[in-house]
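In structure tokens, one chain follows: the form predicted alone.
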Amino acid sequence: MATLLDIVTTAAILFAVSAGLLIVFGVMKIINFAHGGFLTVGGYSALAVTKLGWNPWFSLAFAFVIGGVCGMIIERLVVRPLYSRPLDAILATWGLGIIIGQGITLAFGREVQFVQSPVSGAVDIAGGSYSEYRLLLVGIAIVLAIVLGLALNATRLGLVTRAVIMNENLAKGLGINSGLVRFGTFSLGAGLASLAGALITPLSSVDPNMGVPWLVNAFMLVMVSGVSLVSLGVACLVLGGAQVLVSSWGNPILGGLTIVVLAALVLRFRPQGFARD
């Protein structure tokens, strides 16, 4: 039972971490390599809440707002001039991730720090105990998926966004402001990344490089998911589950490579990944 719960909770965590990257990739057709930096921003936002003695639940909203504001500034000053040069945009966001990490190091230092968890303790399940916070993350990931799904499929904003995803030139011809859609999308993606950073910090620790390993896994999950939230959920469950099994029954170091290796194999034999044909 513990292994099954590990698989489900790991998939939930990976979904939360990858959702913002998927949204940006779907609309803007670029991989935001500053995503790891935004995850780190979220982690340190949660740390600031802990140091100020505020309610740990406030760290989630605080991280989302801080990440969203940072995303607005970066999109306007750095990413927007590079829309027609996607390779340069990718390199620019990679550099931004490094800059964010160095800036955080200057502000907070290099030491590993810890944040207060909104929920502590364990619950009894099938004769064993399991982390209450990890179980809570499953519910948060489900709510996040539902909210994003409804926003994309049941609102005018979602209709406009999907129009830009499918055919940006046609959307422009219909009077849709694709620049505004891109601005909102990048800001939302940054906010979601920071929210994810705040969510994962109670499980580990906070340091200036905390977003890097998460970025690698998120990147591979997005590559095998296309622009589908459903496909992302399937990828997180399958590849995240494989990571848990390899780490538990094999070698934890090999477990850390599982998602990257399996995603590469999936793309080799099925270029569309987990997306439907």
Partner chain sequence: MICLSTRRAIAAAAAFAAALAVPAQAADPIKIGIPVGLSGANSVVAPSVVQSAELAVEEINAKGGILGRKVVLEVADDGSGAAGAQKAFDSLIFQKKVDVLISMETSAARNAGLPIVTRGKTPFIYTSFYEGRSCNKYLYVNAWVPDQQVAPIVDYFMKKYSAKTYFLIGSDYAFGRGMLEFTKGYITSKGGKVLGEEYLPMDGTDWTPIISKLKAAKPDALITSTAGGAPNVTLTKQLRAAGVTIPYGNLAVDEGTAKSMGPDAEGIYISGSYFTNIASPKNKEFLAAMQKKFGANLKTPNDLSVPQYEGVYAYKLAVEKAGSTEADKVIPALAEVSFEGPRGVIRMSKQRHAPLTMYLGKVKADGGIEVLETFKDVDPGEQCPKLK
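For clarity, every value in this text was computed on a predicted model and none was experimentally measured. Positions refer to the first chain, counted from 1.
Not on display, but discussed next: the form predicted together with its partner chain.
Comment: its partner chain is not present in this chain, but in the predicted complex one of Val112, Leu170, Leu157, Val147 has a heavy atom within 4.5 Å of it, namely Val112. Out of the listed residues Gly121, Pro86, Gly139, Gly179, Gly121 is the one that sits within 4.5 Å of its partner chain in the predicted complex by at least one heavy atom.
Only one segment in the set 90-98, 70-78, 170-178, 195-203 has any non-hydrogen atom within 4.5 angstroms of its partner chain in the predicted complex, and it is 195-203. Not displayed here, its partner chain is approached by Thr10 to within 4.5 Å at the level of heavy atoms in the predicted complex. Looking at Arg134, you'd find a heavy atom of it within 4.5 angstroms of its partner chain in the predicted complex. By the criterion of a heavy atom within 4.5 Å, Ser228 is excluded from the residues contacting its partner chain in the predicted complex. At the 4.5 Å threshold, heavy atoms of Ala264 stay clear of its partner chain in the predicted complex, well away from it.
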